[in-house]
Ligand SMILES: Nc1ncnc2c1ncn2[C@@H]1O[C@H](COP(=O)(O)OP(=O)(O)OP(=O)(O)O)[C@@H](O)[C@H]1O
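Take a look at this single chain in structure tokens; it is the form predicted alone.
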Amino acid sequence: MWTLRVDNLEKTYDDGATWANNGISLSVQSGEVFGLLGPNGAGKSTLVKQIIGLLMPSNGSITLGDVDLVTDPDYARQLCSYLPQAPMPITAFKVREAIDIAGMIRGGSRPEVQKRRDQLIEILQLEEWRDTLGTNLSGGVKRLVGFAMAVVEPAPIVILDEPTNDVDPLRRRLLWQVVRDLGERGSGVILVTHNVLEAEKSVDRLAIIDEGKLIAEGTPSSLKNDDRGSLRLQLMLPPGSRTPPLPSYIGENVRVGNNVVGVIPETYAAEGIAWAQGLMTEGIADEYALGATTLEDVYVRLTGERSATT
């Protein structure tokens, strides 16, 4: 068992005038899937680049077990498998070749890497592209190949930056199966994302970062403690329509596209349903949904922003 520890990490630019990370402290255990959430520009990628030794912190420490990853950035890169948000450079390679090369670069033997590669191709349903050159792949398939390259010979820490970008819904579910399997094999997985809905279903613990600071950390359930006794009311409006006046019992709310989502006390459930049904009768709303609050609602409350939902 090992623990990755980030203690009071700071990263500044412009002679200290700009903060990318400001006093971040967190830990990730072996076998744990840890979510790193936050809006674009929150400082997530900067944090990751310091963990894998691509950036030097301005202050603070990063250790994996007894290893100081700040003083030994080369070793940090050996201890971390990384799927960047940018596309992997596989244009001139066939799918199976790209995965094999990545696995052997990480020290895997050819037979074991090829065995694992075949398993990943089957699990992720990539069989029809196994001999296709990267230049001929769609964005979603390229993303899955990049994911397979990162996990075919996983390091103790596997860092996945927006792994499901451009991936179709079916294969997203298959990808999450592989992520959970990585945890069971003992790797610690850091999932970097601003898709809160996916994170809630996939992580053991998570941290929310905004404007370079850690603003919340815990399990999905523990972060929703403040919303106990509340429900989320979602109203789907016709395209181009204005948001109708909201009852006073609807607290924090946000509109994204044609959807208005608000939080109401459980005691107002009947009133909320009656109000929404009345709007449907008047043609002001097309549909509504009432259910338990989600991590998405917590995220909106803490950051003031809606996360990605696709």
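Keep in mind the model is a prediction, meaning the values are calculated, not measured. Residue positions are given as counts along the sequence shown, with the first one as 1. Each form is matched to the other, and the largest set of C-alpha atoms that superpose within 1.5 Å is called the rigid core.
Same protein, other form: the form predicted in complex with the named molecule, not shown, and the subject of what follows.
No residue of the trio Pro89, Gln119 and Thr132 has any heavy atom within 4.5 Å of the named molecule in the model of the complex. The named molecule is not shown here, but in the model of the complex it comes within 4.5 Å of a heavy atom of Thr18. The closest non-hydrogen atom of Gly60 lies beyond 4.5 Å of the named molecule in the model of the complex. Using a 4.5 Å cutoff between non-hydrogen atoms, Gly278 does not count as a contact of the named molecule in the model of the complex.
Among heavy atoms of Ser45, some come within 4.5 Å of the named molecule in the model of the complex. For the residues Gln114, Gln78, Gln85, Ser230, the 4.5 Å heavy atom test against the named molecule in the model of the complex is passed only by Gln85. Checked against the named molecule in the model of the complex, the candidates Gly257, Gly41, Pro265, Gly283 yield a single residue with a heavy atom inside 4.5 Å, and that residue is Gly41. Of the candidate stretches 242 to 250, 32 to 40, 62 to 70, 269 to 277, only 32 to 40 has residues whose heavy atoms lie within 4.5 Å of the named molecule in the model of the complex.
Contacts between stretch 162 to 188 and the named molecule, counted in the model of the complex as any heavy atom lying within 4.5 Å, involve Glu162 alone.
Core-superposed comparison between this form and the one not shown: the CA of Gly16 exceeds or equals a 2 Å shift.
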